[in-house]
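Next up: the same protein chain in two forms, each one alone, written as structure tokens (structure 1, then structure 2).
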Structure 1
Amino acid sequence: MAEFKLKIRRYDPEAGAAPYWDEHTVDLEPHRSVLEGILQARNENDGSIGVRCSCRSAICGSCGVRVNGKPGLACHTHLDDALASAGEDGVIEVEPMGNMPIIKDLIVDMDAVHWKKIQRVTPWLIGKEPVPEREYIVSRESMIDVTQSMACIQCGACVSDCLSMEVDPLFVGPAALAKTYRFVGDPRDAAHEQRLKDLGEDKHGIYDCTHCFKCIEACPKGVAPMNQIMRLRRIAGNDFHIKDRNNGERHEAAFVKNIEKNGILHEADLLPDSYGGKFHPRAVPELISSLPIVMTALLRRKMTPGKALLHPHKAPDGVKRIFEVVEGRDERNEFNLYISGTDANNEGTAEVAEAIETAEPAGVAPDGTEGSSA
């Protein structure tokens, strides 16, 4: 047995009082979970502590909380691990998940945010017609592919840590979009294009993700929601050629073109290229609206006219080789840990790795001079 100090974030909206921290000392074996520590504090010290839990086996997803600022399952976080990530005072901080309203203490309203967004994406299979006389025959590879998104236990940890949702609460969110791939990746579903067009046209849909990796770090089941979102984007743009009104597909293509040409990002070209080029009718109003930002950057010497208009850096041969290898494949190589196990086992990565080794360091021109971006 060992003593652990838990500092629990308390808040009862109905009471009208401000949130506060409540400290408890629990006596448990180090391998016991944070959830067991919370329950001991509730049973022995204060029965009013609000916490949601059920299976205690990391299956139901009910006990999602933030431990020392990081989202996860309280039943799946050992006290000794939590202590190792605590501050210098050795106190384990437990607080409710973010991006969702608090009902009481550690209990958040998942119906108001998480489940509402899941409902938004039509979370069921839309069968193809005509219905076969017997079962649908699906390849083993197809089912293994969607197994990763099927592993989601709807705990809301990814939603809690999503930076896009902090800025835009209307963003559909990582959990709902990972659920979308579960059906877009299923060959039995008849609405692949409709699902992708719907979420592509929605300005809070697949192109609202900022690629921050927070949901990948938060997920206790390895679902990697951001990866599923990126796959939805690739399928929408490359397979169904969906040109969304939010310009998300063109913006991604502009990034690729920019790096292929320059080796590092040249931001002055990114905006016009996202709208078809400097002289495209779609680009002109966007360029005019950006003039105040450009003028501020020039006045503060964040950029110069020369570097903005004439980017000095060009992509070295190694970077060009990466694009040649990837774009020269007959089929797009989708990397899925559930199928390939590790990066080293994934077919097709060896030649890309070889190309990366021959590439010049980012930001350094072939002649050794520093590259720059506006």
Structure 2
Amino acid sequence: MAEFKLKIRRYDPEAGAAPYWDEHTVDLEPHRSVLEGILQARNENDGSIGVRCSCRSAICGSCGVRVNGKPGLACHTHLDDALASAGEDGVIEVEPMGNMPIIKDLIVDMDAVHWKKIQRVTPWLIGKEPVPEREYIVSRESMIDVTQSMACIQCGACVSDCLSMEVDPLFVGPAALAKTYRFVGDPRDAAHEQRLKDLGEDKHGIYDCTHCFKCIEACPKGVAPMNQIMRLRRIAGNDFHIKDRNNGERHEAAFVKNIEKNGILHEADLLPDSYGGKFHPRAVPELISSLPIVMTALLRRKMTPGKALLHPHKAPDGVKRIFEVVEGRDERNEFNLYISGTDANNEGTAEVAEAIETAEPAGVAPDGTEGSSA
């Protein structure tokens, strides 16, 4: 047993007072969970501490909170790990999740945000006709593949940390889009194209993600919502050629081409190329409207005119080989933890890894094989 100090963010909507910190000392073995710590405080000191919880084993998704600022399940965070990420005072901070209104203490209003967004994506299977008498015959891999999205327990941790949603509260968001992949990746669903068109055209849909990886870090179940969003984009662009009015499809293509040519992103080309080239009528207003940002970047020395316009870097052979290997395949390989267990032993990554070896070290990071930003 060891003593841990927990600082719980409290808020009583009936008190007419501001939220405050409430400190409790709990006595538990270090590998016990933060939830067990909260429950010990509640059972022994103060029964009024509000927290949703049920299964205690990371399957019901009730106890989404932020521990030392990071979102996750309280039952899935060990006290010793939480202590390691605590501040210098050695006190573990527990707060309600972000991006959702607080009802009381650690309890947030998931209906107002999370569930509304889930309802937005037509979250049910639209089965292909005719419905077979027995089961639909579909490939083994396809079912294991969508099981990764099906593993989502709707805890809201990804929503809590979504940077895009912070800027655009209307963003459909990581959880709902991962749910969308659950249908778009499902060969039994008859509405793949309509779903993708719907969420591609929506200003707050699949192209509103800024690729920040926060949701992947936050997810306690390995759903990797951002990866599912990227897959929605690849299917929308490569398989259905959906040209959305957000220009997402063209931007993605421009980005890939840009990297293939330059190895390192050439920002000055990316924007005009996304709109059809520097002299395309649609690119001109976009370029003019970006001038203030360019000026600020120049003033703050984020870039120099020479590097921005001339971009001396050209893609080395290693990068070209990565493109050859990946594009030379008959079908896209997708990472899936259910199929392979861990990233490290994913089949089909060996060739790419080898190609990366031969690339310039500064040129491409291992996760740089996916090319897109919104």
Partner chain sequence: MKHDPIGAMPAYDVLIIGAGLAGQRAAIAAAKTGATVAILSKVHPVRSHSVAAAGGINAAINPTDDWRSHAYDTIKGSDFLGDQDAIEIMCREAPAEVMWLEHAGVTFHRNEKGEMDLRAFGGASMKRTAYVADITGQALLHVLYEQLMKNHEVIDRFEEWFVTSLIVSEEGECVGAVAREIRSGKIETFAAKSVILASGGAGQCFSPTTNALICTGDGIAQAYQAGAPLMDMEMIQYHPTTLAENGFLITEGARGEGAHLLNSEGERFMEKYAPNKMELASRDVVSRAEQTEILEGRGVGPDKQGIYLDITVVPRKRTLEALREIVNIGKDFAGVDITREPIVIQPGMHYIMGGVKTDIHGATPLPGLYAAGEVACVSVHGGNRLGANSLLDTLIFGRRSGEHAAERALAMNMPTVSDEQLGKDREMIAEILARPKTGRRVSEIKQELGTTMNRYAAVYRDEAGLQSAHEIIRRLKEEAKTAYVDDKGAVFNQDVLGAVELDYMLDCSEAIVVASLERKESRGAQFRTDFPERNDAEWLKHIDVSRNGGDEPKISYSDVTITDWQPEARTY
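Every value quoted in this text rests on a predicted model; they were computed, and no experiment measured them. Take the two forms, superpose them, and find the largest set of C-alpha atoms that agree within 1.5 Å; that set is the rigid core. Quick note, the numbers are simply positions in structure 1, starting from 1.
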Number of the structure representing the form predicted on its own: 1
Core fit, then residue 70 C-alpha moves 2 Å or more between structure 1 and structure 2: no
Flag for residue 143, CA shift 2 Å or larger between structure 1 and structure 2 after aligning core: no
Rigid-core frame, C-alpha of residue 238, shift of 2 angstroms or more between structure 1 and structure 2: no
Per-residue CA shift, residue 307 (Å; core superposed between structure 1 and structure 2): 4.8
Per-residue C-alpha deviation between structure 1 and structure 2 [residue 318; rigid core superposition; Å]: 2.7
